[in-house]
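Single chain ahead, written as structure tokens, the form predicted alone.
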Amino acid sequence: MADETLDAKGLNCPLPILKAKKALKELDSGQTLEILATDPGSVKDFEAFCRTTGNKMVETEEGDGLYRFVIERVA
């Protein structure tokens, strides 16, 4: 279970990324953020976001047009 959840359903990129970036700043290192999104482009965007920021993608799920990501804040 994630420490916080961000509902980004109905938003198109880059808004889910921007909101996730802001939400992760509120977390301590090691805490996790669950993001719920409906934009199919969010899959590649969150992969790139984690790769460039150093945060860790812990889980991804996809089903019925809903994308779920759990990202751990690293440092």
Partner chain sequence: MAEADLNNAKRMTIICTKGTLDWAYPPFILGTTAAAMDVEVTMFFTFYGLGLLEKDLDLKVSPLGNPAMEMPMMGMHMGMPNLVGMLPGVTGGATAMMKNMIKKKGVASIEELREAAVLSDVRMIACQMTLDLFEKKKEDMIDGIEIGGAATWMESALKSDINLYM
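Positions refer to the first chain, counted from 1. What you are looking at is a predicted structure, and each value in this text was computed from that prediction instead of being measured.
The same protein also exists as the form predicted in complex with its partner chain; that form is not shown, yet it is the one meant from here on.
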Exercise. With the cut-off set at 4.5 Å between non-hydrogen atoms, does residue 11 touch its partner chain in the model of the complex?
Worked result: yes
Problem set entry | Exercise: residue 56 in contact with its partner chain in the model of the complex, heavy atom 4.5 Å | no
Exercise. So in the model of the complex, does residue 15 come within 4.5 Å of its partner chain, heavy atom to heavy atom?
Worked result: yes
Exercise. Is residue 48 one of the residues lying within 4.5 Å of its partner chain in the model of the complex, judged by heavy atom distances?
Worked result: yes
